[in-house]
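Before any questions on binding or motion, here is one chain by itself as structure tokens, the form predicted alone.
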């Protein structure tokens, strides 16, 4: 057992993988460090998987598929119900692990990262209870069946939330799983694997292999006995997975980058819309693929928007993620900190107006990846900071002259994951929404809906997650034609 300070968390299986219902040692002695982004200290080392470890996990999943795919809906509902209950019972340990591994403020981890992850399991359970796996359409029996062994690759920014979004839907569909969590934030995944074990999931249905994308992820994508790959990650990683998977013609679903717009129509309540827009853009320290980091506003309201944005930023508490008062902790890792710093520098060099924030660490922190919440105004739609995903607390305010121009700016991106529109005239708000090329469009900051399909247009990927659409990604469709 290894104790991890400063949280006092303990992990039993840092040097193991979860395969065929038990914890087994890696095939090699190689390890990977886990860094606490709050102070840059190494808090653990995890086993570094290889293609051989993937082979063992895939073989276990293939064997288990024969029985799990034919298991009753009732038995799968029972497992998901138990998983949901255990997630809520163990929410504090999971929140502490997430805060330690990727720097989420502990209050945010407790109120968002873990509860929303649990919601994916609850929703998958409820969808499964109502789903019709066999229907009669135009005299033909349409049967939907589990696709097979699924390789799931998840990111570091919402480490548990992205795992449950995939795992719960796959389990509900009757698939078996090999999971590769992010090697940068693997601790909550280890706790989750133990939770699934304790929930009574049959051996081999869920398997976990830690490691890098270039080793474990590539081996999974190319594996001839994996029927489907689902990855949430960068465009670079998604493209690499899709290329490797093409050789075996497996199904690939990709949830990739974003550069989401937030259009404030002229009749919006700016006193509410701007602060909420800042909070939405900076949630999880801006490390969300659907964060609305391009605020598109009427040119004649630009000064007002800048003032409201600065006021909202000044109310944010940036600091030690262990403190309940902290709103924004550090960025999750060194590479991301460097990326955000380089993009802030690019915005300054391109002539955008720096309204607040800027280069360097937050005052008072000599170590840790603490980045100043930054707002740029008078941003040109073609600037790098308006086109490239920054994945940090950096907001671009872009002026427009009329609604057509606002829509054009919103769609002027390689991405199409999310979008926001604010306005009092709901008929006009909805009319604008129909013109936006994005997988989700949020009107006037609605509550999160775990049933709403999530996925992107263009280079934001393909396929959908959450709710019934998420489960159907893990199903094959069979037509049975003939006399009844």
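What you see is a predicted model; the values in this text were computed from it and never measured. Numbering follows the first chain given and starts at 1.
What follows is about the form predicted in complex with nicotinamide-adenine-dinucleotide, which we do not show.
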nicotinamide-adenine-dinucleotide in the predicted bound form: contacting segment from 356-364, 175-183, 245-253, 375-383, heavy atom within 4.5 Å: 175-183
All of 153, 157 and 232 within 4.5 Å of nicotinamide-adenine-dinucleotide in the predicted bound form, heavy atom check: yes
Partner proximity in the predicted bound form: residue 389 to nicotinamide-adenine-dinucleotide, non-hydrogen atom cutoff 4.5 Å: yes
Heavy atom of residue 65 within 4.5 Å of nicotinamide-adenine-dinucleotide in the predicted bound form: no
In the predicted bound form, residue 305 touching nicotinamide-adenine-dinucleotide (heavy atom, 4.5 Å): no
4.5 Å heavy atom contact, residue 54 and nicotinamide-adenine-dinucleotide in the predicted bound form: no
Selected contact from 237, 318, 343, 407, since only one has a non-hydrogen atom within 4.5 angstroms of nicotinamide-adenine-dinucleotide in the predicted bound form: 237
Heavy atom within 4.5 Å of nicotinamide-adenine-dinucleotide in the predicted bound form - the one residue of 393, 329, 217, 292 that qualifies: 217
